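In the block that follows, a single chain appears as structure tokens, in the form predicted on its own.
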Amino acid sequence: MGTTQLESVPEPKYWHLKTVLTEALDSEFSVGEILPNERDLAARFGVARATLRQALEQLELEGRLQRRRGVGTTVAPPRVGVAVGTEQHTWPGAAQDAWQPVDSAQETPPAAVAAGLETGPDDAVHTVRRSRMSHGQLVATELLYIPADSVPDLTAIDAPSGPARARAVLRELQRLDLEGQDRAVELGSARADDARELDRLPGSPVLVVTTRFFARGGRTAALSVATYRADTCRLTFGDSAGVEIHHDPERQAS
């Protein structure tokens, strides 16, 4: 059998170096560890610094490395798996929920959120802010919008703000019977406030996951907008509920 033109093209040097670096990351470095500088790495592997940079950039695109301002290039934690198409449904804040409550306030939501909640354009809703950590690093933020009629007894709770208020809102929400949920995922660009929280540059790629939670009768009881760093997450499909963190290096490739 003859050799095709594609098969005859030699593998680029940086691609081979990427494979060698991947093996080194798996065997010699731990999550969060800072890599040696480019000069030392280029000398160790006997390559030009331009070749090294190409390999490092590819590993960063694949989520194996992170370049942190003021720190350097570090080994990235395993990607967070964002489950879509799940058949199991739970309220935010339920047992084993990986999100941590940060704060809660009553605010007028964006017009698109108000339309999704079927509330009036000027109606204030409870906005719960939550965060998601992986290996000590912030990888996602969430805004959870909850209409007042989903948590009617909340006014009696003495928790004006902060995580305590957020947890109180979530506890009240869980009193409702959850009928189902739907989820939409899209690639977006980090806004200035998201970028600041996630330690990314404005405009960096993010994964935006919008989830609507339905109470009995099909009424939209809450709407979540979660923003994930695109370099730290991947989509997963199946029947597993919620968001899973995958620690197996063999399963990190998207």
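One rule holds for the numbers: they count along the sequence shown, beginning at 1. Just so we're on the same page, rigid core means the largest C-alpha set that superposes within 1.5 Å between forms. Quick caveat: nothing in here was measured; it's all calculated off a predicted structure.
Although not depicted, the form predicted together with the DNA is the subject of the following passage.
- Contact check for 137, 160 and 163: none of the three has a heavy atom within 4.5 Å of the DNA in the predicted bound form.
- Residue-level contacts in the predicted bound form: of 43, 187, 61, 201, one residue has a heavy atom within 4.5 Å of the DNA, and it is 201.
- Contact annotation: the DNA lies within 4.5 Å of heavy atoms from the stretch 67-75 in the predicted bound form, the single such stretch among 141-149, 115-123, 67-75, 176-184.
- Although the partner is absent here, residue 51 is a contact residue: one of its heavy atoms lies within 4.5 angstroms of the DNA in the predicted bound form.
- Among heavy atoms of residue 218, none comes within 4.5 Å of the DNA in the predicted bound form.
- Proximity of residue 39 to the DNA in the predicted bound form: non-hydrogen atoms within 4.5 Å are present.
- Heavy atoms of residue 207 never reach within 4.5 Å of the DNA in the predicted bound form, leaving it off the interface.
- With the core held fixed between this form and the one not shown, residue 73 has its Cα displaced by at least 2 Å.
- After superposing the rigid core, the C-alpha of residue 17 moves by 2 Å or more between this form and the one not shown.
- Remark: with the core as the superposition reference, the CA shift of residue 41 between this form and the one not shown reaches 2 Å or more.
- Compared with the form shown here, the Cα atoms of residue 33 and residue 142 move at least 3 Å farther apart in the predicted bound form.
- Relative to the shown form, the Cα atoms of residue 33 and residue 140 move apart by 3 Å or more in the predicted bound form.
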